[in-house]
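Single chain ahead, written as structure tokens, the form predicted on its own.
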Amino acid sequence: MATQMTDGHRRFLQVLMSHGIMEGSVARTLHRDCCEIHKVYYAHDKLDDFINVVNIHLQPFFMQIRKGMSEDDGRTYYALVNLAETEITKMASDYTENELELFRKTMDVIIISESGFASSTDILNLADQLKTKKMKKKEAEQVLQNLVQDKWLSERDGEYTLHTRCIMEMEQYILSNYQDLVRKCNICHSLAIQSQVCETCGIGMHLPCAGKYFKAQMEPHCPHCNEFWPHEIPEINRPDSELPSSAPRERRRTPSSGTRRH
């Protein structure tokens, strides 16, 4: 495989840098356009090889284009990740100290929760508990809006969870700092915040991964211990060979759908 960094690769990197994170279908279109504009060899199924060339040249800068999956619907995403900064301090240039503390506390609530979500009420109640500097609720609401806009959090119906970008960039930080509370998906082996968990052996699966894995099974059984899987199986409502799975956006793991607690 050629490892020369062409203008096509550079254009792809520049556009991705401006977005921070990009959905898979958009990245595939960008790949095609960059190759056509700069007359670089193009094959529709060689995006990952194309990105590997970029990653080789990013190594000295401790940067990497990483491939991940949305926990909501199984869509593939690509994000530019800073490998030199694995902690929340990478956000320091954009947020004040007390705003970062609010984000840390929000992450605590999300990860400790059984659903992988935190309500806006719970988060806003943290605003006057900050050790750095207490925050008015109006200020906290603005911070939450900024965190959503910057793709660190996702909001739906007044509840917040970690955005795909956040999970991709901070996976190692989360695994290190919440090692007794989080696990990796038994199917795709990536960090799972929203997941279904086996009540017998404790392995977890993303909802999209569970939807794909159990799709053809009349009676679902845990892939690890083979015990009956009692949770509602997410439906796969959009066939796409590029995606690991796709589950309805409105489905979430509730306490009856499994728990990440031991």
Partner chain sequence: MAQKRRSKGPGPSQGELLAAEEDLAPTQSASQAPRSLERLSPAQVDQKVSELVQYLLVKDQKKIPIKRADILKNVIKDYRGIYSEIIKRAGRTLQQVFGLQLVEIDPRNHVYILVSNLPRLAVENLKQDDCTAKLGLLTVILSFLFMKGNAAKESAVWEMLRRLRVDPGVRHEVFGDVKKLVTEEFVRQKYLEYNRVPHTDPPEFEFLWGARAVKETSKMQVLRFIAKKWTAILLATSKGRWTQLSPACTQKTLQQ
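What you are looking at is a predicted structure, and each value in this text was computed from that prediction instead of being measured. Numbering follows the first chain given and starts at 1.
The same protein also exists as the form predicted in complex with its partner chain; that form is not shown, yet it is the one meant from here on.
> May I ask you to choose, among 215, 224, 32, 46, the residue with a heavy atom within 4.5 Å of its partner chain in the predicted bound form?
Result of the distance check: 32.
> Counting non-hydrogen atoms within 4.5 angstroms of its partner chain in the predicted bound form, say which of 150, 108, 114, 141 makes the cut.
So the residue touching its partner chain in the predicted bound form, by this definition, is 150.
> State yes only if every one of 61, 82 and 146 has a non-hydrogen atom within 4.5 Å of its partner chain in the predicted bound form; otherwise state no.
Every listed residue reaches its partner chain in the predicted bound form, so yes.
> Although the partner isn't part of this model, could you tell me whether residue 37 comes within 4.5 Å of its partner chain in the predicted bound form, counting any heavy atom of the residue?
Although its partner chain is absent here, residue 37 would touch it in the predicted bound form, with heavy atoms inside 4.5 Å.
> Looking in the predicted bound form, any heavy atom of residue 128 within 4.5 Å of its partner chain?
Residue 128 lies outside the contact set for its partner chain.
> Counting only non-hydrogen atoms and a 4.5 angstroms cut-off, does residue 26 reach its partner chain in the predicted bound form?
Contact check for residue 26: yes, within 4.5 Å of its partner chain in the predicted bound form.
> Please run the contact check for residue 94 against its partner chain in the predicted bound form: heavy atoms, 4.5 angstroms, yes or no?
Contact check for residue 94: yes, within 4.5 Å of its partner chain in the predicted bound form.
> Would you mind checking 13-31 for residues with a heavy atom within 4.5 Å of its partner chain in the predicted bound form?
Result: 13, 14, 15, 17, 18, 19, 26, 30.
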